[in-house]
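As C-alpha cells, one chain now follows by itself in the form predicted alone.
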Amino acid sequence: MIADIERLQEKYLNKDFDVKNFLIEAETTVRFAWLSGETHPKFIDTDHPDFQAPPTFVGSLAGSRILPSDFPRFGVGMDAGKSVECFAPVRPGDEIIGKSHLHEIYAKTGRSGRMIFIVTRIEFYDKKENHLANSDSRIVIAERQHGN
C-alpha cells in the first residue's frame, strides 16, 4: 500500500488521540538521573530546594498508544529517535497529564525506496494546565511496494 502523505496529514495531524496521567515519583526521577549520569544536586538530592526531574525524564514516559487506533498500516515501523523540549520543571510528587497527537508526517526517498516518518508528540501539562514539556518520538517506516 502506498501512503498518501497529504491525506494522512489532513486526517491525523495535531488531533489528540491519547490522554494519560503520570504521577512523578522522586525515587524514579533520582534513579533516572543516576542512570543517565546526572550529578547536579537538584536532580539527585530530594532535600535540595529546587529538586526536580532531569529535563530528559519526560522522554521516558509513554502514552497508551504511539499512533491513533485507526492509523493505516503500510509497513514495519522502526524507532527513529526522540527529542525533548522543556518549558518548566517537572517536580516529583506532581501528577502531570500527557496529551498525544501526531505532530509530523513526511516522506523521504532513498536508495531503498520511500521511507515514511511519523512524529508522535506528547505534550505534558500540570494540573493548572501549564505546558511543561514536549516529548517527540519518531518512527520510520520502509514503505511496502506492491507485490512485496
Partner chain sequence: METKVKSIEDVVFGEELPVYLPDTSLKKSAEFASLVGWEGARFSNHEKAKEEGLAGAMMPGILNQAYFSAMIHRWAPNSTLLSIDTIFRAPVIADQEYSMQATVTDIDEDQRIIEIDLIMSNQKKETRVLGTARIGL
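Positions refer to the first chain, counted from 1. Keep in mind the model is a prediction, meaning the values are calculated, not measured.
Keep in mind the form predicted in complex with the partner chain is missing from the figure; the text below concerns it.
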Within 4.5 Å of the partner chain in the predicted complex, do we find a heavy atom from each of 93, 98 and 126? no
So, residue 138 and the partner chain: in the predicted complex, are they within 4.5 Å at any heavy atom pair? yes
Residue-level question: is residue 37 within 4.5 Å of the partner chain in the predicted complex, judged on heavy atoms? yes
Does the 4.5 Å heavy atom contact test between residue 114 and the partner chain in the predicted complex come out positive? no
Taking the partner chain as it sits in the predicted complex, is residue 65 near enough to touch it, meaning that at least one heavy atom pair lies within 4.5 angstroms? no
So which bits of 64 to 86 sit within 4.5 Å of the partner chain in the predicted complex, heavy atoms only? 79, 80, 81, 82, 83, 84, 85, 86
